[in-house]
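This document opens with one chain alone, in structure tokens, the form predicted on its own.
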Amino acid sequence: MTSAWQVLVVGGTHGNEFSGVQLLKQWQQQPLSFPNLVIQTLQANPKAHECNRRYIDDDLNREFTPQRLADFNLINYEALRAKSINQQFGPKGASQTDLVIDLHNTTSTMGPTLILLHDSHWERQLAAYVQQRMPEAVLLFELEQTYQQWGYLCTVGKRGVMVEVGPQPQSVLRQDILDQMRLMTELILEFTSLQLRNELPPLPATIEAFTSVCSKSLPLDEAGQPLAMVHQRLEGSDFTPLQPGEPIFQYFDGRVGYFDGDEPLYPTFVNEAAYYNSHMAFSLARKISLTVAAPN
């Protein structure tokens, strides 16, 4: 008999990203139910949501590195919240939770993006299943670190993924974004249930995806203040090719900054509002093609 998986669906890791919080409310009224899955939900940062802020002291979605979880000198709100979540649903590295799905909004034009932090047959089959049934879905593999090194909340689980959907301004709801987030989450759960029961349908032999390369910060003056803003060429251009020599920054003095890469890359999180404090302008990814193992 196939054993059940313990699954945690998380919303509100960032308090001013409203879609996940709203879906949790709806799922409390009509609980998610899939064969062989025991599904719990969690509003990760309720205090930040009450205050309509991304976080109170520190970004909760960066608190789950092994080092920070083990540092009991960190006693701000999010640090303590992370330790509590890790104790309840982890512990990270030896988790009692088989899968964590963390729901996020972005102000960037990312569309419905599935973010995966590990590259194995499971992740590739999941990605293929989601993209097959949701053609507008974008697949982004963040592999710059190992799964355990990331500070993301979803890494509390044995497996963890993030659903990132935008554009949606902070602190509002958009029907189309909410519907895309609901659909992608339900497809992840549907895949997991079918995979556990060895009932996956035929999947595409290959998938088109993106893998993160680096991030680009705004140019700063000696006082650490921005000298430029994101060039209009990049606005709304997430996951579209950026060619070497194309403009990326519009300086306030009228100059233009150009992309100095040696290959076409694909911007992501373009002009994300949440990253203004860190002066990150956008990230860059490379398009890749991945083979997918046939279901058993």
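Residue numbers run from 1 along the displayed sequence. Keep in mind that this is a model prediction, so the values were computed, not measured.
In what follows, reference is made to the form predicted in complex with another copy of the chain, a form of this protein that is not presented.
- The partner is absent here, but in the model of the complex a heavy atom of E235, alone among E50, E235, E246, E263, sits within 4.5 Å of another copy of the chain.
- Among the residues Q195, S212, Q170, Q125, the one placing a heavy atom within 4.5 Å of another copy of the chain in the model of the complex is Q170.
- Although the partner is absent here, V230 sits close enough that one of its heavy atoms falls within 4.5 Å of another copy of the chain in the model of the complex.
- Within this chain, F18 lines the site of another copy of the chain in the model of the complex, having a heavy atom no more than 4.5 Å away.
- Put simply, A273 is close to another copy of the chain in the model of the complex: some heavy atom of it is within 4.5 Å.
- Proximity of S95 to another copy of the chain in the model of the complex: non-hydrogen atoms within 4.5 Å are absent; the residue sits far from the partner.
- Judged against another copy of the chain in the model of the complex with a 4.5 angstroms heavy atom cut-off, the residues T146, K216 and Y258 are out of contact without exception.
- Residue heavy atoms within 4.5 Å of another copy of the chain in the model of the complex occur in exactly one stretch of 138 to 146, 174 to 182, 155 to 163, 69 to 77, and that stretch is 174 to 182.
- Although another copy of the chain is not shown here, in the model of the complex the stretch 241 to 265 places heavy atoms of Q250, F252 within 4.5 Å of it, in sequence order.
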